[in-house]
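This document opens with one chain alone, in structure tokens, the form predicted on its own.
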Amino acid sequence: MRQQEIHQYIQRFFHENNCGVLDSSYDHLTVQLTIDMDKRIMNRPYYWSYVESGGVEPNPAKLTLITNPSQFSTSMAGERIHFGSPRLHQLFQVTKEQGAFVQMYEKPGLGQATQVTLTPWLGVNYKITYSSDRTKEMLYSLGMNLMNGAVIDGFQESVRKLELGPSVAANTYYLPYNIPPLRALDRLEDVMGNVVNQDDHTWVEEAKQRQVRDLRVLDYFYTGVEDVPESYAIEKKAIEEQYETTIRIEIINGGLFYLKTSLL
């Protein structure tokens, strides 16, 4: 996931959660949190207990997130946010808690006289995590047309530009899907599997090499020790676990989207 995509994601996250944007540029975002969002992400239980028990006027926090890596080492005040950072993981978790599945309908244009036909799409946001002693995370947003099976990447960015609503607008008709959403989900998981298979996996061998190096160093310190202490086995196991390589594909969220706009 590119830093630009992270910036767009957090901007949309706070907009959809009714947090006012106080300042925004290509490298940072400052938002005024709502009371609910402050309670969810700022970890201030004692403050909110004091406010609610004492009848004090609440003062939700302002939050500045720096999204441009070139600013990470500067004196700009704010939290540095990138893929793998605790704050971004927290926003993903809040998204999951609020609802992993939505159903949205594109609104017809103003003054639309004729009936509008909406085509069903399944949209799913995925996170791929490559883990060893180091972690690499990537975000993918896939969409499948449930009429013809066409798949596109960057689905979330495409629908972000559209005017959507939770209910069908007047003078619109949505097509019944040809491909059941569960079958479409299986096909999208196959696509993600192919993404992983085609990716560069030199990181696995590099992790093994670092593991071998650390095990050699460990063995060096115990060279000539006749009665090897229990700590040796403990340290060896810790090194083996540290460099264990795993690949995990997770669904962040998804939904059914009925669209009049062609994304192909």
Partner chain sequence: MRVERSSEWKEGFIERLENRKEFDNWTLYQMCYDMERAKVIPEFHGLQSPKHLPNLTPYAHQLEAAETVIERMNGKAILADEVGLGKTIEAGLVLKEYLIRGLVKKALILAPASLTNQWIAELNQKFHIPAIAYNKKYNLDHCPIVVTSIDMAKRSPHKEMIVQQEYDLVIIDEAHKLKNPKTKNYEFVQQLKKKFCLLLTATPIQNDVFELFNLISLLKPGHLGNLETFQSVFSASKHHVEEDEFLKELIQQVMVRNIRHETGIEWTNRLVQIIPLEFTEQERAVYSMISKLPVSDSFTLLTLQREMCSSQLSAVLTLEKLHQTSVQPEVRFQIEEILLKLTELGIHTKAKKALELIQNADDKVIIFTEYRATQAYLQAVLHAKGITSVLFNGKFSKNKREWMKQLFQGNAQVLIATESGSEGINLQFCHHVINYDLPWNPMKLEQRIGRVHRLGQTEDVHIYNLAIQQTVEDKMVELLERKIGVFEKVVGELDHILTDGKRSIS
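Positions refer to the first chain, counted from 1. Basically, rigid core = biggest C-alpha set you can superpose within 1.5 Å across the two forms. Note that the structure is predicted; figures quoted are calculated from it, not measured.
There is also a form predicted in complex with the partner chain; it is not shown, and the following applies to it.
Q: At 4.5 Å between heavy atoms, is Leu22 in contact with the partner chain in the model of the complex?
A: Output for Leu22 is no: heavy atoms all beyond 4.5 Å of the partner chain.
Q: Using a 4.5 Å heavy atom cut-off, state whether Val116 contacts the partner chain in the model of the complex.
A: Looking in the model of the complex, residue contacts with the partner chain do not include Val116, since no heavy atom lies within 4.5 Å.
Q: May I ask you to state whether Pro45 is within 4.5 Å of the partner chain in the model of the complex, using heavy atom distances?
A: Pro45: no, not in contact with the partner chain in the model of the complex.
Q: Can any non-hydrogen atom of Asp27 be found within 4.5 angstroms of the partner chain in the model of the complex?
A: Asp27 lies outside the contact set for the partner chain.
Q: Under the 4.5 Å heavy atom criterion, name the residues of 151 to 168 that approach the partner chain in the model of the complex, in sequence order.
A: Stretch hits, in order: Gln156, Glu157, Val159, Arg160, Leu164.
Q: Taking the rigid core as reference, does Tyr174 move its C-alpha 2 Å or further between this form and the one not shown?
A: Shift at Tyr174: below 2 Å after core fit.
Q: Can we say the CA of Arg40 moves by at least 2 Å between this form and the one not shown when the core is superposed?
A: Where the cores coincide, Arg40 still shows a C-alpha shift between this form and the one not shown that is 2 Å or more.
Q: I want to check Phe14: does it shift between this form and the one not shown by 2 Å or more at the Cα, with the core superposed?
A: Comparing the forms between this form and the one not shown, which are aligned on their rigid core, Phe14 does shift its C-alpha by 2 Å or more.
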